[in-house]
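Heads up, the chain below is alone and in the form predicted alone; it's given as structure tokens.
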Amino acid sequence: MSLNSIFQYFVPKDKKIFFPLFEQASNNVVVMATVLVETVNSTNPATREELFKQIDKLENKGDEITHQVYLELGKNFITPFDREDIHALASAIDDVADYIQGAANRMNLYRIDDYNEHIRKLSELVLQCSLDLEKAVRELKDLKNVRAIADSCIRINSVENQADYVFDRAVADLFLYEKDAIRLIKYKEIYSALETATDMCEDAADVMESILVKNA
């Protein structure tokens, strides 16, 4: 094999191969968050059970997309931006999916029967963050609309701050009003997983802001 042939092997046939994968991953997170909101607003246990299964399947799909990004990183010598940023963004989006699934799993395994206002509000904030994450990711492929990416990142940071406040209020209410120690622990873990999902969205936003600084 000639040196040129070897070099061509490492050059991606589509230099933008990573962008569709990022878009698939961020869209998958939006679908997961949408199903989560539907779950916490459902009063039918059988319906919730089916929705929990959907979230599990979607999380597995997200893992497959993330794995594909890592495979492409391994076989492509030329990338659209820094390799560490590609890895960090894929990981951050995957983390959002992991924590959405983690929160849903806890609700299901702990047999939560009261989806209170704090759970519903935190779930809505996860969805808001996810929608802005997807918007920003879709603009990455040409980096021409820097303002749109930056605005989405700012909104993600704002929503994450709201989630911090809701989480703190939710935990305070638990310690003030919940007399059952086991129930307190269950709800605190659910609140924490939901709030951490917004943290992971903020991590993804931070990676995109780093990409802007380096490439815009």
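Quick caveat, the model's predicted, so the values are computed rather than measured. Just count from 1 along the sequence shown to find any residue number.
Form predicted in complex with another copy of the chain: not shown, discussed below.
Trainee: Taking the shortest heavy atom distance, is residue 84 within 4.5 Å of another copy of the chain in the predicted complex?
Mentor: So residue 84 counts as contacting another copy of the chain.
Trainee: Is residue 110 close enough to touch another copy of the chain in the predicted complex, meaning at least one heavy atom pair within 4.5 Å?
Mentor: Residue 110 belongs to the contact set for another copy of the chain.
Trainee: Against another copy of the chain in the predicted complex, would residue 50 count as a contact residue? Criterion: heavy atoms within 4.5 Å.
Mentor: Looking in the predicted complex, residue contacts with another copy of the chain do not include residue 50, since no heavy atom lies within 4.5 Å.
Trainee: Please determine whether residue 185 contacts another copy of the chain in the predicted complex, using a 4.5 Å cut-off between heavy atoms.
Mentor: Yes, residue 185 lies within 4.5 Å of another copy of the chain in the predicted complex.
Trainee: Would all three of 73, 176 and 189 be in contact with another copy of the chain in the predicted complex, where contact means some heavy atom lies within 4.5 Å?
Mentor: Per the other structure, all of 73, 176 and 189 touch another copy of the chain.
Trainee: Relative to another copy of the chain in the predicted complex, which residues of 149 to 168 have a heavy atom no more than 4.5 Å away?
Mentor: Residue within 4.5 Å: 168 only.
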